[in-house]
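One chain is shown next in structure tokens, namely the form predicted alone.
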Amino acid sequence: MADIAQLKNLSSQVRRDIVRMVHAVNSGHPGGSLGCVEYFVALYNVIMKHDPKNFSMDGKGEDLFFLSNGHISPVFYSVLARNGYFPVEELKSFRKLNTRLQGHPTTHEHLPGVRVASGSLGQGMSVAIGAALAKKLNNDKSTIYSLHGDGELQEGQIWEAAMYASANKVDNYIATVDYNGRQIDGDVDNVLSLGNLKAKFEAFGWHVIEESKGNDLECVIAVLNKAKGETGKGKPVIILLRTEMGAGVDFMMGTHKWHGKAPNDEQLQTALAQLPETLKDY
């Protein structure tokens, strides 16, 4: 495992990848991608048991991850590439026709690391629960992880899945909510308030963990390890992870406006000036 300094360097490089990818095609979702960098870096470089060099769709003996809010594909693709699932150079093909790196992750292009097409919000938890149950049936002690946007929790299918997971004691599953308080049309509280999420998930029979420092790498590692410690106890686990949309780029923070907007040439240079090139740009 890399040390914290190396992981922070990786995080900076991933953020550079994100803004460059979105800028190159004037399309994509930088805000949520930037906000989830620490989660992805912690998950793929510290927490999960996985094998980038021998990817298979069944993932036997491995921890599996499912991205439900598929529009934040830039951060997903960058971390997959930087972990060796496919060449970093392929990030140049993001959102271009007839490439494997589409705007939302898909499976028919057979991109290593992607096990489910996502982006139709609300579906990822159901898929993750199915994978978790398959692990149990196969006596596979691995863990299933998923990530969801907070605005995504306005989808009814999430709550059907949440009810099912607790009723069936799916306790090899850790869901995380990217709780940045913003969605494409504004603040979540103004669009459709989620109320007390902790109380809601507890009422649905989940073990709930809250972390207010979702862009502090050491805190994210600690909370994911804490969540792992709660698996196998009869309840699904969910982390409410407070993040900042656009984290790392000052003019993208504090607003929902960069949910799905690409930076122009000048804005790209401003962003890159705030993000050291710690590894190597593709």
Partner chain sequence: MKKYTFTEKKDTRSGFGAGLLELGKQNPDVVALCADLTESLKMDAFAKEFPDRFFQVGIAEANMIGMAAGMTIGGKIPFTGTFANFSTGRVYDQIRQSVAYSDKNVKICASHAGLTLGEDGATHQILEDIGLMKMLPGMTVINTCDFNQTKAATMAVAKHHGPVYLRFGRPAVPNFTAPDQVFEIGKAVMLNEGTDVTIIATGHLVWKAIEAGEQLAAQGISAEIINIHTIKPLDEEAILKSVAKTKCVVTAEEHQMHGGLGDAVAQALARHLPAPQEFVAVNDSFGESGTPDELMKKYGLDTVNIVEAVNKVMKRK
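Residue numbers count along the first chain shown, from 1. Please read all numbers here as calculations on a predicted model, not as lab measurements.
One more form of this protein exists, namely the form predicted together with the partner chain; it is left out here, but the text below deals with it.
- When you look in the predicted bound form, the only residue of Leu43, Leu217, Ala247, Leu64 with a non-hydrogen atom within 4.5 Å of the partner chain is Leu64.
- Distance criterion of 4.5 Å from any heavy atom to the partner chain in the predicted bound form singles out Ala131 from the list Ala81, Val188, Ala131, Leu111.
- The stretch that touches the partner chain in the predicted bound form, counting heavy atoms within 4.5 Å, is 64-72, out of 222-230, 44-52, 64-72, 24-32.
- At least one heavy atom of Ala161 is located within 4.5 Å of the partner chain in the predicted bound form.
- In the predicted bound form, Leu91 stays away from the partner chain, with no heavy atom inside 4.5 Å.
- Put simply, Val116 is close to the partner chain in the predicted bound form: some heavy atom of it is within 4.5 Å.
- Taking the partner from the other structure, the partner chain in the predicted bound form has no heavy atom within 4.5 Å of any heavy atom of Ser142.
- For the partner-free chain shown, Met57, Asp58, Lys60, Leu64, Phe66 of 45-76 come within 4.5 angstroms of the partner chain in the predicted bound form, judged by any non-hydrogen atom.
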